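Below sits a lone chain in structure tokens, taken as the form predicted alone.
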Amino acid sequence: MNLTRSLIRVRRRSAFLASVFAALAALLLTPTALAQQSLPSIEQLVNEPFLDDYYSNVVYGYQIVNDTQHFASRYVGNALNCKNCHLNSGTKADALPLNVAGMYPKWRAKNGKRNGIGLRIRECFVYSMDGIMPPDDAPEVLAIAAYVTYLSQGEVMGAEPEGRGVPTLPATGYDPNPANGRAVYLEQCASCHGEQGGGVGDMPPVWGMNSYNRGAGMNRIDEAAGFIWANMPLGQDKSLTHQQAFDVAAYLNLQYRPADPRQSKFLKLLEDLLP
């Protein structure tokens, strides 16, 4: 009898402890983790035979980000895809991740107005993709906005997600040196992007008429340096020094690329007429 009572007490105690640990685990889960528990993966969505309007747009947005040349070709003017800057389909921290829906609308000095996520996407086509601005109700814009919203599930509204944008590198005490940048580029970058910057295979061009224009964020030395240091060479994140990243960014900044459409609309027209 005593043994039976002892076993009952042990079982009750174990059940109680299990319930306590379950409650603690629930309390410790972040909003992001809770959201991700019920969020279907892209792989699941792609394999679904039928999707509602929101998730079908999420999948379409994912396809545009990964193959912009095919799925949004009418608004693209170069050879880039969104994923070339927004690495891992926009999910990699410090590589311009796309989980930023909660930060919009927000003021943007570049165009001097309060931007919604739709306008932010439309302007990417103008600068990074060196193309034309889609209308605000273009299916491509709505789809990318849906995908950005999907990636932003669980983020805090109004707060910057961890790993947003690219790192801001500290000053090194030396000016960016394009000559040193060229040497680093030829040694570390040319195998993927080509000695003349035109890209190799599926690797993107980093200068020339098929690359981003001078109005793109990546044309700023500080932003390019942060991206290069955090993500390049591909698969060797943060292997360059900060100074090497600044030097490579300065070298890229000197190369020929399409004009900023805000500063030279006539030149932009001539570029579009070139064979």
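Residue numbers here begin at 1 and follow the sequence given. These numbers were taken from a predicted model, which means no experiment stands behind them.
Keep in mind the form predicted together with heme C (HEC) is missing from the figure; the text below concerns it.
- Residue Ser191 is the only one of Gln196, Thr168, Ser73, Ser191 with a heavy atom lying within 4.5 Å of heme C (HEC) in the predicted complex.
- Against heme C (HEC) in the predicted complex, the set Ile144, Pro204 and Val248 is in full contact: each member has a heavy atom within 4.5 Å.
- Among residues of the shown chain, Arg220 is one whose heavy atoms approach heme C (HEC) to within 4.5 Å in the predicted complex.
- Taking non-hydrogen atoms only, Pro40 never approaches heme C (HEC) to within 4.5 angstroms in the predicted complex.
- Among residues of the shown chain, Leu87 is one whose heavy atoms approach heme C (HEC) to within 4.5 Å in the predicted complex.
- In the predicted complex, at least one heavy atom of Cys82 sits within 4.5 Å of heme C (HEC).
- Scanning 215-249 for heavy atoms within 4.5 Å of heme C (HEC) in the predicted complex gives Gly217, Met218, Arg220, Glu223, Phe227, Ile228, Met232, Pro233, Leu234, Leu240, Val248 in sequence order.
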